[in-house]
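Just one chain is shown here, as structure tokens, and it is the form predicted alone.
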Amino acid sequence: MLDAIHSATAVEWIVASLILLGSLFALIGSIGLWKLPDFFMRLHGPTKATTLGVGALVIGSLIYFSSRGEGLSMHELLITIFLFLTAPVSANMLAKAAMHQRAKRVERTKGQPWD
């Protein structure tokens, strides 16, 4: 096992770091989605932390497959761009729909946008 650690290249260390960082962010976002008390607070978990986590995973995949000599991996690049463009828009649409439906909220949730 020590031989594998000593023979790893810088790219492999970067990819491994991005995978660990992405997994950590995805875990934190998932816990937030599970534990936070109302819809407006729960919306932050998947839209911020999980998006960053999945983004780090996809960027790690982009670096790994691009370093194998096949050039820039356009699939991962397009997935990353699409993810970072659509996540805020979908979160905004969900929040507006919840405000329109007057979704229940706890007292800790700040603001009353529909009043």
Partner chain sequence: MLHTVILLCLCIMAVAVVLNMLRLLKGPDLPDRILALDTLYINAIALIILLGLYLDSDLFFEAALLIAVMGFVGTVAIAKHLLRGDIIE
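Residue numbers count along the first chain shown, from 1. Predicted model, so just to flag it, every value in this text is computed and none were measured.
Although it is not shown, the form predicted in complex with its partner chain is what the next lines describe.
- Within 4.5 Å of some heavy atom of its partner chain in the model of the complex lies at least one heavy atom of A16.
- In the model of the complex, none of the heavy atoms of L72 sits within 4.5 Å of a heavy atom of its partner chain.
- Contact between V106 and its partner chain in the model of the complex is not found at the 4.5 Å heavy atom cutoff.
- Annotation for 90 to 104: interface residues with its partner chain in the model of the complex are S90, M93, L94, K96, A97, A98, H100, Q101, A103, K104 [heavy atom within 4.5 Å].
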